[in-house]
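The chain below stands alone, shown as structure tokens; this is the form predicted alone.
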């Protein structure tokens, strides 16, 4: 009996280690990087905007819009399921830590959430990816276009941040007003949240087990989504934070977490591509070109710029939107709604009108090892990450480029 109590105490202590306080962002970066490598080894790297597009196409199909008839169900789409279970994983993390609550901000913030989501949809469909697919996975995939997309993100974030600062000073009433919080609990109460967290987690494992018999890859993506959502929620991993905070408050934690995650992912992706891991001899080139999109250079910088505007206004990037939806932040529900409604329309009607008129020289695939070899490409990306790290740490000390 005493031994059983000791075991229960040890398990409770382990639970508290994970859920009594938030993790450092760099822990999230490392673990997400490792999971991203595993996803690539199994099938293909992490992406988030594809989930919103699939959900949007199926929404339009279900309400009878003929242009989207024949769309594959989201239940068969790897990234739609990865995104769904990222939400549920974040919900489980928030429930286990008793942080889940419906947080309803003022109307102005809800409007900004929807507009930000719509801009992210435009940016993702034009730039062929989001802050995950075109940046967090794209840069380690040694894509030249991903680096250009990143430049666009930086420019978009800086301009959007200037707008938000202007709004706070000149029209503060737009984002102020009544806000509401529902279902919040204290640390001493709310045991129902922990129980619900276990229900969500166990149900996901059961579904993955049942799916594994017919589609092992889909089962793996379901489980990966659950774990990734939980990690994001516990570590507050968000690429908006990484890009915005150095220019807003000067803090570098978010940037360092993303930089570490990129470095870990870079090592794994380079090994997979260089050695052709999980590739047949006839598909080696296709494996190398995974996550290298035809968006160099204009598509990438325009898409990144628009996406950077949107994610800063919304307060969450593609994956940041997903995990914040899971913990109950209603502004990001509006962001998700804007993203999923605009994405299919942009992909089908807006992007072709722009891209079809661009010359090939503005939208080609750029794979860095084709120009400077694998060693050169690896070194270039490492140097860029080091320069970013040195800048954010220097700026944290000096506040040279910080608004506050």
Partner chain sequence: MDYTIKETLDCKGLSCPMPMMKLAKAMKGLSSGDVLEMIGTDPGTKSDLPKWCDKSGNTLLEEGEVEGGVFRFIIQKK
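Just so you know, these numbers come straight off a predicted model, no measurement behind them. Positions refer to the first chain, counted from 1.
Beyond what is shown, the protein has a form predicted in complex with its partner chain; the following relates to that form.
Residues 47, 288 and 356 are none of them found to lie within 4.5 Å of its partner chain in the model of the complex, as judged by heavy atom distances.
A single residue from the set 270, 71, 201, 175 has any heavy atom within 4.5 angstroms of its partner chain in the model of the complex; that residue is 175. Site annotation in the model of the complex: the residue of 276, 190, 106, 294 reaching within 4.5 Å of its partner chain with a heavy atom is 106. Using a 4.5 Å cutoff between non-hydrogen atoms, residue 332 counts as a contact of its partner chain in the model of the complex. For residue 185, a non-hydrogen atom is located within 4.5 Å of its partner chain in the model of the complex, even though that partner is not displayed. Under a 4.5 angstroms non-hydrogen atom cutoff, its partner chain in the model of the complex has residue 315 among its neighbouring residues.
Contact annotation: residue 280 falls outside 4.5 Å of its partner chain in the model of the complex, judged by heavy atom distances. Of the stretches 121 to 129, 71 to 79, 138 to 146, 97 to 105, only 97 to 105 has residues with a heavy atom within 4.5 Å of its partner chain in the model of the complex. Contacts with its partner chain in the model of the complex, taken as any heavy atom within 4.5 Å, map within 381 to 404 to 396, 403, 404.
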